[in-house]
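Only one chain comes next, encoded as structure tokens, the form predicted alone.
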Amino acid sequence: MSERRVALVTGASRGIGRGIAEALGAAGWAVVVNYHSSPTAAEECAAAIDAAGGASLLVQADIANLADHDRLLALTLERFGRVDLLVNNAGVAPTVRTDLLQATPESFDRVMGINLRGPYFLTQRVAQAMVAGLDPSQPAPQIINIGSVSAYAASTFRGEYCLSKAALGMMTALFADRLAEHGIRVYEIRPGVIESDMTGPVKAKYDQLIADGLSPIRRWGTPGDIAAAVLAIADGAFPFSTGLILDVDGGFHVRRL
């Protein structure tokens, strides 16, 4: 059994996931770096965690493939003995941004499989292990879902992404309700426009929108901004909250006239 607190971060090889994983490692956590298809980037993330004083475990697993979930959890428990924090970060945008009237079932199924179905059943599986391993002498485990302002801001050229993030909000509420009796708290962090591989192809568009006042704080968000929110939750900053949505979006959610 690890003496360190143990976090499982999905999609941790790049972008927001990597920022979260490295921040947890620097705070002394043991971090399971889950990745799908970027082994070199995942190895770099793991090396950074180890160099910062944390401990890492690399596990390749496709979150959309439910058969991979048991292996991901089994390797985590074999190495560290428990899971104190699950961060459901893995997510994708449509491969091609397509008008709502031309969107394909194949793109819908792919996005939903990775962004919603996979996290839903991984959370179910990890929550079972968390409940089974509860130790009254230790802080209760926590779960964090990485959502998006697209849960409520319509983008008609990526409808499947918006739907997946809107449903993730209900998933947060459902697991928060179900797991509260066990002392396990569930949160959602809702990023705004964040510098990452996902937003790279539309950088010029968002540069202009930000300059024009898309959000009150006129800058791009960074993976570090999201990681700071994760660390606050992980350190127990909200002990009387569950199902909480934490907006990390430069104030995008503020209605303005």
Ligand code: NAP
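Nothing here was measured: the structure is a model prediction, and the numbers come from that model. Residues carry their position along the shown sequence, with the first being 1.
The same protein also has a form predicted in complex with this ligand, omitted here; what follows describes it.
Check all three, A7, L122 and I144, heavy atom within 4.5 Å of this ligand in the model of the complex: Not a single listed residue reaches this ligand in the model of the complex, so no.
I'd like to know whether D197 contacts this ligand in the model of the complex, with contact meaning heavy atoms within 4.5 angstroms. D197: contacts this ligand in the model of the complex.
Heavy atom to heavy atom, is S37 within 4.5 Å of this ligand in the model of the complex? Although this ligand is absent here, S37 would touch it in the model of the complex, with heavy atoms inside 4.5 Å.
Give a yes or no for N89: in the model of the complex, does one of its heavy atoms lie within 4.5 Å of a heavy atom belonging to this ligand? Judged by the heavy-atom cut-off of 4.5 Å, N89 is in contact with this ligand in the model of the complex.
Whether A61 contacts this ligand in the model of the complex should be assessed with a 4.5 Å heavy atom distance threshold; does it? A61 belongs to the contact set for this ligand.
Could you tell me which one of C162, I184, V83, I114 places a heavy atom within 4.5 Å of this ligand in the model of the complex? Checking each option against this ligand in the model of the complex, the one that comes within 4.5 Å is I114.
Counting any heavy atom within 4.5 Å as contact, can you tell me which stretch out of 211-219, 24-32, 50-58, 186-194 lines this ligand in the model of the complex? Heavy-atom contact with the partner occurs in 186-194.
Any residue of 1-37 with a heavy atom within 4.5 Å of this ligand in the model of the complex counts; write them all down in order. Heavy-atom contacts to this ligand in the model of the complex: G11, A12, S13, R14, G15, I16, G17, N34, Y35, H36, S37.
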